[in-house]
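The form predicted on its own is given below as one chain in structure tokens.
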């Protein structure tokens, strides 16, 4: 039997899912270790929610396996659900119930022992910032408080894994910060999967990012490593001619494109006047900046700017989900 400490908390093995002729997931595989806080990203229709529903046992995959704590979700859904706290995009709340009554009801459904339950619920409500609204009907609460109730119901049974699907959707900036802090607090003790398309939430809360597009894995790395990997691929160059006549854009572009270590060159904004700007896409791991400098000098060009461009997580996300990247484990 595998050691519980080394068994991944979540494992997707070649997951595929079709709805009739529509393929939502294709051979999706990844592992999430215990204690990780992972952002699960993708554009609309990428397969994020389908993956979450398979992991939580709400959907069966067309092929492949989903495991939680080493247990096959399809074979033993009750055992895996007991270990999962799930907050779907639309929180499953009863508007006519008071907050405390609803959490008592959720505790009954989750099999939380009655002995010591009130003390446990009080601690959860304090953690989720709900003590001031325990006696209010859920339907009278703001969206932020409703999300807090949704989070509270997801953790009443002390799950090992918490899955959150768009937990800050529709919240105002203050509410987003509050929910973000709560997610970070939960991540200190639990494994958390945060499925969202709001990139600042991922940067603020997650130590690792999984990106899917068209139902396939396109990236899997830490936020810093993703940005570092992508930042090394683009170099900005700005030049002007030493001669009295302005340089020809296409001629200069071809000069730089013929430089060793360069894959392609596209015109970009210069700095006004007779300056020319270019975005240089590198080929392989070699740094072509020294070669670009030599090319400029030997062709009577004054080099005004030569630096690696910083690529934001948003730029990385857009590039990868448009089919320009590849999967990275």
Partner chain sequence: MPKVLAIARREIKSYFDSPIAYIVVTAFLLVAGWMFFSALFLMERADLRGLFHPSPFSPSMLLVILAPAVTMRLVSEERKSGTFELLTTMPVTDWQVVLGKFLAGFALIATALGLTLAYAFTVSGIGDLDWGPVVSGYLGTLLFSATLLAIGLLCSTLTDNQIVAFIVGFIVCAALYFVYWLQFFLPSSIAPLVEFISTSSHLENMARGVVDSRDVLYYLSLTGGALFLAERALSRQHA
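Quick caveat, the model's predicted, so the values are computed rather than measured. Residue numbers count along the first chain shown, from 1.
The following text describes the form predicted together with the partner chain, which does not appear among the structures shown.
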Exercise. Go through 293-301, 51-59, 266-274, 26-34 and give me the stretch that gets within 4.5 Å of the partner chain in the model of the complex, heavy atoms only.
Key: 51-59
Exercise. With heavy atoms only and a cut-off of 4.5 Å, decide whether residue 256 touches the partner chain in the model of the complex.
Key: no
Practice problem: Give a yes or no for residue 88: in the model of the complex, does one of its heavy atoms lie within 4.5 Å of a heavy atom belonging to the partner chain? | Solution: yes
Quiz item: Does any heavy atom of residue 92 come within 4.5 Å of a heavy atom of the partner chain in the model of the complex?
Solution: yes
Quiz item: How about residue 153: is it within 4.5 Å of the partner chain in the model of the complex, going by heavy atoms?
Solution: yes
Exercise. Could you work out which of 242, 188, 114, 140 is the residue within 4.5 angstroms of the partner chain in the model of the complex, going by heavy atoms?
Key: 114
Self-check item: Contacting member of 134, 234, 198, 82, with respect to the partner chain in the model of the complex [4.5 Å, heavy atom]
Solution: 82
Practice problem: Quick one: name the residues from 84-123 with any non-hydrogen atom within 4.5 angstroms of the partner chain in the model of the complex. | Solution: 86, 88, 92, 93, 94, 96, 97, 101, 102, 105, 106, 108, 109, 110, 111, 114
